[in-house]
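There is one chain below, alone, in structure tokens, taken in the form predicted alone.
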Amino acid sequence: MSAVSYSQLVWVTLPEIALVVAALAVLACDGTVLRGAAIARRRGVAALLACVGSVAAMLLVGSGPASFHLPDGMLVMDGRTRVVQVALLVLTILTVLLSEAMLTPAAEGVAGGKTAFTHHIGEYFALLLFATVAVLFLVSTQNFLLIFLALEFLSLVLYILTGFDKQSQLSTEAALKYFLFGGISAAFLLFGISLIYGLSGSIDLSQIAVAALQPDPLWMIAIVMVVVGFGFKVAAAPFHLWAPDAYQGAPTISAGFVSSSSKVASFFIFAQVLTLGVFGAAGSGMWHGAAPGWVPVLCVVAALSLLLGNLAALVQTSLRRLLAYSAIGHAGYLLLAIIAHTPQSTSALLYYVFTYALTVLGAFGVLAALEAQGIDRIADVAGLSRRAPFLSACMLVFLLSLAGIPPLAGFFGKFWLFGTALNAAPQLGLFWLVMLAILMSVVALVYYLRVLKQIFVADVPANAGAIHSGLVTRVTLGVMAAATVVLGCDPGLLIRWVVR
């Protein structure tokens, strides 16, 4: 620390400081001058302050030093880290804007509908900003201690956001399950970190990489513990049991944040830990040339995620549970990029996870707009294209992108990821896993088309009227759908940032 002045440290952490200031401003404003005001007004002011804080943080990320490295990897800033941080801030802004659909009382008087799920507007937006602070720190460190602290800070905030709807027993149940599974995963991760520290004498990933070159049976135990801990965070099978209940019970926008920002940060740091910290203990997952290491462990986890996530999604009747099992399947695709562990596969992982986060958050945004009408099951969206044409068109784009249909962003993401995985191992050693991923992509198309068939082909229920959504929600979803199409037609717009 002696080589770094505190003024430099403050300058590098200004984005996080800006978000904390914005969160405190939201709390202060909502609890004082706006106390007792209408929910719509409180939501508008809180959303404005949150967006201003996030935009300020983005500007500060861009104006920071080109490279910064604290001793022991406590804080590491480079071009790729800044790109990930900007993407996370964009997702936060989109989440805040989409909250209009759930934090206004527009649903009052609608049969079977819901009103705003909470009156604690300031606390909700402040928690979103605090969660963003956690993910920014998480992606900017290569130190196991700070990784663990940032992960747990993020997890604690997500537990609260999951159980924020006090009117819903499902929300409370989801938060409790999320908390219990999260505590168990934290124990596994901490035990794995302690073993790695004991074997390497360091918690800096770059120093651990040197020690990991020396074979020791305890390394495999430590690595398995770390994989279990991170497997929970990314909702990979068989560590996925919290995800379906959390996605279904949490407020819709909270579920969207968990499935987007949290997944981007968790996959980025998971890849950092394995490809930077324990690269020497990778082993091999080739069909006829397997070797002990973390790669064959991840191959098993990826295969289970692909099979369980996509096959279980086929029988779901709830839209949110379908997206939860879909997320488990997508975790299998993303693990494939980590298994390849090449510079090209890391870039493919970032492109895939960015575009996935954009589309899945958009899908949850559509569900948030529909939830005011009491719509949650797949059968409830029958004839939706005649009741809400714009929302239906946006959902069409998002679901087809998740399915990997050209010319949308999801297609190029899968194409690039599968290609890098095939080229990573000699003699197409990962061909078996890539073929499984392609087969499961076909299965995924089936359950996405089930939803779209209900939306565009099924008859409109009797006495079903038009569905209206707020202007901010429509504009936000329209921009997200357009971005999904543009990034699919011209992937270079994003590739130039993720290839570093």
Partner chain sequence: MVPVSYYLILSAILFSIGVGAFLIKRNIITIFMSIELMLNAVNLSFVAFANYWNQINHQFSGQIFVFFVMVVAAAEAAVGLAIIIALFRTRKTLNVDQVDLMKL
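These numbers were taken from a predicted model, which means no experiment stands behind them. Residue numbers count along the first chain shown, from 1.
Another form, the form predicted together with its partner chain, is not on view; read the next lines as being about it.
With its partner chain left out of view, the stretch that reaches within 4.5 Å of it through heavy atoms in the model of the complex is, among 143-151, 367-375, 343-351, 403-411, 143-151. In the model of the complex, Phe191 approaches its partner chain with a heavy atom inside 4.5 Å. In the model of the complex, its partner chain sits within 4.5 Å of a heavy atom belonging to Glu173.
For Ser392, no non-hydrogen atom is located within 4.5 Å of its partner chain in the model of the complex, even though that partner is not displayed. Contact annotation for Leu199: at least one heavy atom lies within 4.5 Å of its partner chain in the model of the complex.
Highlighted residues Leu156, Ile160 and Ala187: every one comes within 4.5 Å of its partner chain in the model of the complex, counting any heavy atom. Of the listed positions (Gln248, Thr420, Ser385, Thr275), a single one reaches within 4.5 angstroms of its partner chain by any non-hydrogen atom in the model of the complex, namely Gln248. The contact residue chosen from Phe232, Tyr325, Phe398, Tyr333 relative to its partner chain in the model of the complex is Tyr325, the criterion being a non-hydrogen atom within 4.5 angstroms.
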